[in-house]
Every structure is written in structure tokens, then in C-alpha cells.
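Shown here is one chain on its own, the form predicted alone, set out as C-alpha cells.
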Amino acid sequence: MQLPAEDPILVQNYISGDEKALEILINKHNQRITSFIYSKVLDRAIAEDIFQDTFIKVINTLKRGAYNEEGKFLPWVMRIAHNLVIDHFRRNKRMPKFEGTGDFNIFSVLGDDKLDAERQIIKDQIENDLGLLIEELPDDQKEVLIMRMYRDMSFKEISENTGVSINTALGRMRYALINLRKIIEKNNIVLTN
């Protein structure tokens, strides 16, 4: 019995022109990726569409020579699938809308687990996107922003921990927020659905 080839070898073989290698990769990971997508969208047809879109992106990236995940093929593909699921929810604007009419509406109180899962996926993606943006800030601004927003530290505590005055800590926070806005605007990033 022949053991299945490792992902990095299959990826390299496909990049070198062996179309069968891609078929083996798809078959090898089909169940896991499809199950992951289905668990998010809960619709077989949509899951299959997103699966196909995922592998179109994979193929295009591999053919461009832009793949450099160093042997982490499955996590890379899962990340692509996850992003496409987010895109699907954003495109279809399937978040609940609440009318502010003043009249009581039972539907605005009832929960929908599927929508809660979608909301969580979008929230996770926004947090991930924001984390990447924060990494682009200068170190001193990033440090203050993380201490304030993620560690819930007061500016007095930040001042004591960083060895700078409270005014300097406040200034760094202000510049961090200004720079984040600039990065968001420059890259046309949308942090909401």
C-alpha cells in the first residue's frame, strides 16, 4: 500500500505542472474543508459554492507563485475558506436588523443561533483585521494602544509601566488612533459588515 504524499510535495508537484497532484490535495482535504464551511453557512449548496471558490483562489495563488505557507497547506486553505464565508455573509447582509419604531416587536427579541454564529464569525474577522492593522503602528503607539484597549490599563498605569509621563502616554494613544484611521482609509478597509 502506498502512503499518500505529504502536502508540500503535492503542492510542489502541482506548481511544477502535475495537475493530478491538485486533485489528490482536493480529495485529501475535501471532507474537512467542506464540513468546516457547512458548519458556518448551514446550506449544502452555498457550502459547495464556497468550497469551489476556495480552490479557485488556491489554484490562482499557486499558479501565480504567491504561495509561501511553508508546509502549512491545510491551515492556509482553511483561512481562505473562512474569509470567503465572511465575504458571503457581508455580501448577503444577513445580519439581523432591528427597527426602532417604538412598538414592541417579538422578532427583535427572539434569538437566532445561526445569526449568532454569523455575528461571531464577522466579529472574529474584524478582531483579526484590527490586530493586523495595529501591527503596522510604530512600537511606542502600539504598546500604549494594547495596554489601554486590550489590558484595560489606566493612563497612569501605562505611564508607570512605560516610564513616560501621562501626557506622553495620552499623546501616543491619540497618534495611534489617528494612524489607525489613516491606515484604514488608505486601504479602504471596512471593519463592519
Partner chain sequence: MEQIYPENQNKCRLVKANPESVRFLLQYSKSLNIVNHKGMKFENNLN
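Predicted model, so just to flag it, every value in this text is computed and none were measured. Numbering follows the first chain given and starts at 1.
What comes next is about the form predicted together with the partner chain, which is not displayed.
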### Among the candidates 48, 157, 124, 140, the residue which, in the predicted complex, approaches the partner chain to within 4.5 Å (heavy atoms)
48
### Query
Counting only heavy atoms and a 4.5 Å cutoff, which of 140-148, 125-133, 25-33, 158-166 contacts the partner chain in the predicted complex?
25-33
### Message
Whether residue 185 contacts the partner chain in the predicted complex should be assessed with a 4.5 Å heavy atom distance threshold; does it?
### Response
no
#### Entry: in the predicted complex, residue 153 touching the partner chain (heavy atom, 4.5 Å)
no
### Query
Can residue 60 be called a contact residue for the partner chain in the predicted complex at 4.5 Å between heavy atoms?
yes
### Query
Taking heavy atoms only, is residue 68 within 4.5 angstroms of the partner chain in the predicted complex?
no
### Message
With the partner left out here, which residues of 33-57 have a non-hydrogen atom within 4.5 Å of the partner chain in the predicted complex?
### Response
34, 35, 38, 44, 48, 51, 52, 55, 56
